[in-house]
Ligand SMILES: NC(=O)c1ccc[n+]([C@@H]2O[C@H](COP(=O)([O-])OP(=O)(O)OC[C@H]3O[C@@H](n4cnc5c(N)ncnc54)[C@H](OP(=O)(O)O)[C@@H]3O)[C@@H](O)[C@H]2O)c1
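Read the single chain below, which is given as structure tokens and is the form predicted on its own.
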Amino acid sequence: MTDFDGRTVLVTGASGGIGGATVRRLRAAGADVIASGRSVESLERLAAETGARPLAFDLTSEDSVRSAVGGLDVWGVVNCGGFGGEIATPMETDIDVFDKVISVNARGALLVTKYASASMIRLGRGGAIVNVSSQAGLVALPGHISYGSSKAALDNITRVSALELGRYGIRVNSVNPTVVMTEMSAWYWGRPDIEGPFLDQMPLGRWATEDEIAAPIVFLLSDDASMISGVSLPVDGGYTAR
């Protein structure tokens, strides 16, 4: 049953498309949602629309994460905060950009998990964590040395966290989406020389919508997924099945 009445869920990256869609679905299911992101203005608009509680903090700073998350009483977490970085080969990559991508996508999610799970263990009610990874963590994509590496690291954080937190009744999973065609992604994925060949290899042959990613996130948080933990779930139109 997808019913989160009385459960508090922290969603990072809530000012983005997938994060915002997840907040809306969780609120519709009765969750008390704490919405975090980079844009205070976007968070305030989302809060006014949905009734979520805005909370801004810096995923790259352990002090900021500890201060914001350490004292929160949460039942669930969605680690959706992310940074795309660059399109580059291993030969061309800017290591400073690589470091930032890892810092946000992998290290940031681990920091949130570190402090949120401590509260979840203290409360003793179990819970669930969902990490928003990527198909780029499962298969090699051209130009994705930084982003793909960060998401592969996040998938391992998911598995190890599931192993360590299971004894407390806390499940940890990830979703691994294909591209959602937003303004941010269109500059690369919308190019005819990129879009056509990529979609030709995908069985469903189209990009995902934000709600098509948010729905399985909410499912994995819910009691309907009560025996699912340590899974990286492709939400990719069959792309990684090829």
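A residue's number is simply how far along the shown sequence it sits, counting from 1. These figures come from a predicted structure and were not determined experimentally.
A second form of this protein, the form predicted in complex with this ligand, is not displayed here; the remarks below concern that form.
Residue in contact with this ligand in the predicted bound form (any heavy atom within 4.5 Å), chosen from Arg38, Arg27, Arg66, Arg45: Arg38. This chain is displayed without this ligand, yet in the predicted bound form the stretch 184-192 from 66-74, 184-192, 198-206, 27-35 comes within 4.5 Å of it by heavy atoms. Though the partner is left out of this view, Glu212 does not reach within 4.5 Å of this ligand in the predicted bound form, counting heavy atoms only. Using a 4.5 Å cutoff between non-hydrogen atoms, Gly17 counts as a contact of this ligand in the predicted bound form. Interface membership of Thr50, defined by any non-hydrogen atom within 4.5 Å of this ligand in the predicted bound form, is ruled out. This ligand in the predicted bound form comes within 4.5 Å of no heavy atom belonging to Gly127. Residues are counted as partner-facing when one of their heavy atoms sits within 4.5 Å of this ligand in the predicted bound form; in 59-81 these are Leu59, Thr60, Cys80, Gly81, in sequence order.
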